[in-house]
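Shown here is one chain on its own, the form predicted on its own, set out as structure tokens.
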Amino acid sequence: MKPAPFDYIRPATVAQAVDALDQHAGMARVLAGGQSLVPMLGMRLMRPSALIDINGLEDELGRIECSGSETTVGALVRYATLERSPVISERLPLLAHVVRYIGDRQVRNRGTLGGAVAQSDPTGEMGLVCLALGASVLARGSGGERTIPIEQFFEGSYANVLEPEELLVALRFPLAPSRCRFFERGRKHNDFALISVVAVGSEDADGRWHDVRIALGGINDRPVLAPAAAARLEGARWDAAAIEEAAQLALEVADPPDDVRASADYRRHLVPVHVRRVLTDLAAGEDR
């Protein structure tokens, strides 16, 4: 099937892109990597009045910048760039690691961090990692720029708090904890994840853990944090009993769907199993 007719707009600046979004009053869509948008257009799941192609805005949206402990990644930074960047590898190693789980080489050459977060797929890896790392979303509209904590960004399945006239321009990351671990389970390679788990934290010289965050994907209508599980481990020395208790507490945020890939009961069963394994690996000194 072919897309429904639309106007094609290729702005020369971010300001022009924002103006185009404003002029189309919520009926335009932004084209970055196009890995999700183009198939949706082809199946006519989306029928925008205009397509705003921002691929010419690399100078404004394609940079990785460091300021003190903060790292800002432009919305047009490609997955392949994240995978190869020495800056990302040093400052945000979890991001560099997890991007390798996305699609294949062709997808990673085109897909963008900003596009993935704006897509807000509840099983998507990038939204989950941004949540685990406590990122902030920078969005620009006709009224100026605003900063949205990632914890307040996702509203539901493929839904977020961006206004129709706003453009996601960057993700800003604080200093990352020293240790991280990621796991995802799908039916087959490159399939949507049934469940994904990220755990991050820092262990001090006394063996106590701080800055613990546990994020889960595929078990709710959006990526979610498991605050009770993290609170159980914050400031504590971890043993098998503490990890088991945290794994069970992670079920508090589980409200998984029933779909063609797995039942809700099966996904719920997987939550404590894989949270326990991820935390055990993290405590044992695994870097990812």
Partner chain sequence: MSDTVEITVTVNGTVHREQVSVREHAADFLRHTLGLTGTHVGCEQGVCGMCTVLLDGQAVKACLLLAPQLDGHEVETVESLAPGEELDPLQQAFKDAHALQCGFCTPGFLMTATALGREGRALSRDEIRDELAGVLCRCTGYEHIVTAVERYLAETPARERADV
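Just so you know, these numbers come straight off a predicted model, no measurement behind them. Positions refer to the first chain, counted from 1.
The following text describes the form predicted together with its partner chain, which does not appear among the structures shown.
Engineer: With heavy atoms only and a cut-off of 4.5 Å, decide whether residue 228 touches its partner chain in the model of the complex.
Structural biologist: No, residue 228 sits far enough from its partner chain in the model of the complex that none of its heavy atoms falls within 4.5 Å.
Engineer: Please check if residue 107 has a heavy atom lying within 4.5 Å of any heavy atom of its partner chain in the model of the complex.
Structural biologist: Although its partner chain is absent here, residue 107 would touch it in the model of the complex, with heavy atoms inside 4.5 Å.
Engineer: Would residue 277 sit within 4.5 Å of its partner chain in the model of the complex, counting heavy atoms only?
Structural biologist: Result no; residue 277 lies far from its partner chain in the model of the complex.
Engineer: Would you please decide whether residue 284 lies within 4.5 angstroms of its partner chain in the model of the complex, comparing each non-hydrogen atom pair?
Structural biologist: Outside the cut-off, so no.
Engineer: For the spot marked by 181, 205 and 212, is every residue within 4.5 Å of its partner chain in the model of the complex through some heavy atom?
Structural biologist: No.
Engineer: Thinking of its partner chain in the model of the complex, which stretch from 132-140, 147-155, 109-117, 164-172 has heavy atoms inside 4.5 Å of it?
Structural biologist: Heavy-atom contact with the partner occurs in 109-117.
Engineer: In the model of the complex, which residues of 185-211 put a heavy atom within 4.5 Å of its partner chain?
Structural biologist: Contacts from 185-211: 189, 190.
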